[in-house]
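Single chain ahead, by itself, as structure tokens, in the form predicted on its own.
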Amino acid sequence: MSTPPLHQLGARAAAKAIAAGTLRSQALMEALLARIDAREPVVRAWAHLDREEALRQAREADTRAASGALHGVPVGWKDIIDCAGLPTGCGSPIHRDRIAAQDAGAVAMSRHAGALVLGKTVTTEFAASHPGPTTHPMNPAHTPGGSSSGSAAAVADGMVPLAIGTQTGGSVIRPASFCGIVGFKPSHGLINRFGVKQLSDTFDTVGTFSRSVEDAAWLVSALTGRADLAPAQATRPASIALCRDSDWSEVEPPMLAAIEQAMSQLAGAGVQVRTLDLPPSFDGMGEAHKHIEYFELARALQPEYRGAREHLSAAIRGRIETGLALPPQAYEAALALRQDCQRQMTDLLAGVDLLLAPAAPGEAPQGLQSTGKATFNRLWTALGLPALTLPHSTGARGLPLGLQFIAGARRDAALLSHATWLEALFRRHP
């Protein structure tokens, strides 16, 4: 069997090889930079790269003994997250020249684990809906998803083994599905958000992109300092419920076929599978999510709106103005519905290890004017539950279809453990 090129090496495999002395971090960094040089003109995943600084970090790592689980491994960071000495542009001309004075909390934790900062990945404007220039790595006529566009595309294309994104609606789970990689949105607040440009305090969640569940587990363990999250042992879930809500009609036929195939695979492997239809009280959660997000972003983005409104897209201006016009009573009512649904979900999850839902309506849509719909992600973000995208199959256009698995509140370690088993099942029985 031929050895895969260095740019395809997974994060844990790379870290082990570097620690063993069979791979130099500089060689890995050079391979990734060569891949970026070859592919970036088409994929356009990077907002900022300092090649000399990236190589300097790698050379320095090679002079030291392994200092952590990700020693010598490069990571890409969504361009709303501060990395000391690099711009944090937020996908907007307003912040194009703002240089971060210090690392965000998650960046500092990654350095503590020995990881290197490769660069900043493209985000939509303020991690909202106005797209950046990134294209799908398998077909540049299609969106890679958003708002963590660059992070998903860079990992999928072999430009970096790990990348960080954020999710306020569906900005980790959906692009991971579109690009055919593993996206992990942890429980709200599990990964520290200091130094991350705020959109919605209630929903903003730092998440990860990788090409395996193992790499996701090691990365989130490094970012949180929690050893219980990695290594994730493969554990078969006893029961999985397919969750259907009021938006189920938006599931496209290829995704529906993938879900049906997965249910058959799970049943054949001894997992108890059933269907869970959410009660009518959940029907208002889509509108509640919108009210909470828009109310909060209208206040978080006031400096930009008041000081440089002409440099904001019409899309983000519209969201801010909608949020400013929203009565506080509507915001409070949305928060109350969210809290009620969180209580109900605890009861609904009794006796169920995981929920299964589409990660997106279907394949990545054609065109770069939109990053796709977060229809099947908003509920889980709103409830603060951990969710993970697993690549499953491909659709009619040959683009990836991902399945979304959701666990109960703060059951991140269990989700990663079960996902490790599910990943192996889907790879054995494509």
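The first residue of the sequence shown is number 1, and the count goes up from there. The model shown is predicted, which means the values in this text are computed figures rather than measured ones.
Another form, the form predicted in complex with a further copy of the same chain, is not on view; read the next lines as being about it.
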*asked:* Going by heavy atom distances of 4.5 angstroms or less, which of E260, E321, E332, D283 would be at the interface with a further copy of the same chain in the predicted bound form?
replied: E332
*From the list G105, P140, P231, P87, which entry has a heavy atom within 4.5 Å of a further copy of the same chain in the predicted bound form?*
G105
*Taking V196, D201 and A300 together, does each of them reach a further copy of the same chain in the predicted bound form with some heavy atom inside 4.5 Å?*
yes
*Determine which one of 106-114, 141-149, 208-216, 251-259 lies within 4.5 Å of a further copy of the same chain in the predicted bound form, judging by heavy atom distances; exactly one does.*
106-114
*asked:* At 4.5 Å between heavy atoms, is G351 in contact with a further copy of the same chain in the predicted bound form?
replied: no
*Please run the contact check for D245 against a further copy of the same chain in the predicted bound form: heavy atoms, 4.5 angstroms, yes or no?*
no
_Contact with a further copy of the same chain in the predicted bound form for L190, defined as at least one heavy atom pair within 4.5 Å: yes or no?_
yes
_With a cut-off of 4.5 Å between heavy atoms, is T224 one of the residues that contacts a further copy of the same chain in the predicted bound form?_
yes
*Which residues in 392-423 have a heavy atom within 4.5 Å of a further copy of the same chain in the predicted bound form?*
R410
